[in-house]
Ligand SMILES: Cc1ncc(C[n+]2csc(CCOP(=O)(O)OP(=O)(O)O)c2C)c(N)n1
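Have a look below at one chain only, the form predicted on its own, in structure tokens format.
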């Protein structure tokens, strides 16, 4: 049967058909839907782990236990999982082990652009890169076969455009795989120096075998056409090239590590010019040049930054691009913003009014850095808000601690904020940490986490208490506040900033988009009472607008949170009477 699937859904289908048993991940755009789709198959155990390192280690353990196992993450999540990644390359596998990483060229939902092919090269692991949903399914199944045949973890690299676009796939049946026997083998799985020294030559020999596989595998294929120019490419760039140049000669790489150098050499001899088309870093280009193969164009043409596209490729090669209608006026900007009724808005408004330094983190609340709230100073990576604030206050002294806070979400705190808080307590720091507990993992699409009481499959689970957790690591001052109650919230922040010891404020209110969130009738502005002071605009709510010197509220957006009523000193924002 043929059907349309997202690339991520197709990967999950590949796991199902390949007989995978164990799936662990931490949600991260653009990889999230792989695990969500996998959870819909009863034959697959699927879970959300606290972070990517734990997810990878759990999958490694399941592989050693004899099951085909899988782990997924986005590119920055691979940084978190890098520690076990490099070592499991030495240990090899028992049951097949596949690790998917979704790169985010163009930074649609990420803090950096990162080329995960470098990890495959550095860790000496094979990496496959599909170009569409059909290949996502096919390559996921092939990855398990390669893993077990060559005793290696296999990396599967996708990108935003492949992960989140649909194309036709042909569904197959699941092939059940019995658990492979487990036998105690410390020389293989205990990576102390003596054993690791023995395993390293095995890894190098394995890579040579994989090179021979790459040279003959049909996933690396030559499509001959016009021989004036030949293109070497992989992933989504193959689709762009095929649209731009339907009759071109293309060497499409399905395995991007190790590269089939002799196949590339053979292809280069059949064309007049060789051009490498790849996004981000010149990973393929550099290796081709290092082997003495002439490359007539690559990063010098296409650049290092952002996504490519059909038009970008045509323009870079000096060709005409399609024209577009000009509307004669610029489109209005549409910056991302917190949702109407978002519980984070009141907190950032309060912190902005107080003028404190805010050490920020990754999540919906990163939007608190944008005008008009403008209430976040830094964002580096998951968990860096807490440990970063400790370093900031340590070098700047106790007075700095009275004028600075860290903000971090509930899921991010579980992911990597706990250790930063321990660092503060253990090293006698004085910092105030605010946990924005919206009862969900919000930015990636409302995934449950250890604080919500539900598993990935929706089953009841023990709830991790943020209060008890903070107390257990040694924080004596832990309090819970409602971020809608601005007066109470400000008083709590002021009090904790002046405490001579570490403190935690849990700003708790569910995400307004959750089905369980309480939504009240929309508010409205009495134009007779409105003085046009624009104070209601300072909270940056999309439901509030200003025209003809008066404020107004869009009833289709307003959720009745009443934050704006706390801004208005003229009682011009009113509730509708409930009939």
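Numbering follows the first chain given and starts at 1. Model, not experiment: these values are computed from the prediction.
Separately, the form predicted in complex with this ligand exists; it is not shown, and the next lines address it.
*Asks:* Only one of 443, 469, 241, 492 comes within 4.5 Å of this ligand in the predicted complex by heavy atoms, so just point that one out.
*Replies:* By the 4.5 Å criterion, the partner-contacting residue is 443.
*Asks:* Consider the chain as shown here, without its partner, and state which of 214, 250, 478, 80 has a heavy atom within 4.5 Å of this ligand in the predicted complex.
*Replies:* After the contact test, the surviving option is 80.
*Asks:* Heavy atoms within 4.5 Å of this ligand in the predicted complex: does residue 295 have any?
*Replies:* Taking the distances in the predicted complex, the answer for residue 295 is no, it never comes within 4.5 Å of this ligand.
*Asks:* Taking this ligand as it sits in the predicted complex, is residue 26 near enough to touch it, meaning that at least one heavy atom pair lies within 4.5 angstroms?
*Replies:* Flag for residue 26 set to yes.
*Asks:* Within a 4.5 Å heavy atom cut-off, is residue 410 in contact with this ligand in the predicted complex?
*Replies:* Looking in the predicted complex, residue contacts with this ligand include residue 410, since a heavy atom lies within 4.5 Å.
*Asks:* Is the gap between residue 157 and this ligand in the predicted complex 4.5 Å or less for some heavy atom pair?
*Replies:* No - in the predicted complex, heavy atoms of residue 157 and this ligand never come within 4.5 Å of each other.
*Asks:* Only one of 164-172, 269-277, 364-372, 327-335 has heavy atoms within 4.5 Å of this ligand in the predicted complex; I'd like to know which.
*Replies:* One stretch meets the cut-off, namely 364-372.
*Asks:* If we check this ligand in the predicted complex, which of the residues in 332-352 reach within 4.5 angstroms of it by a non-hydrogen atom?
*Replies:* Heavy-atom contacts to this ligand in the predicted complex: only 344.
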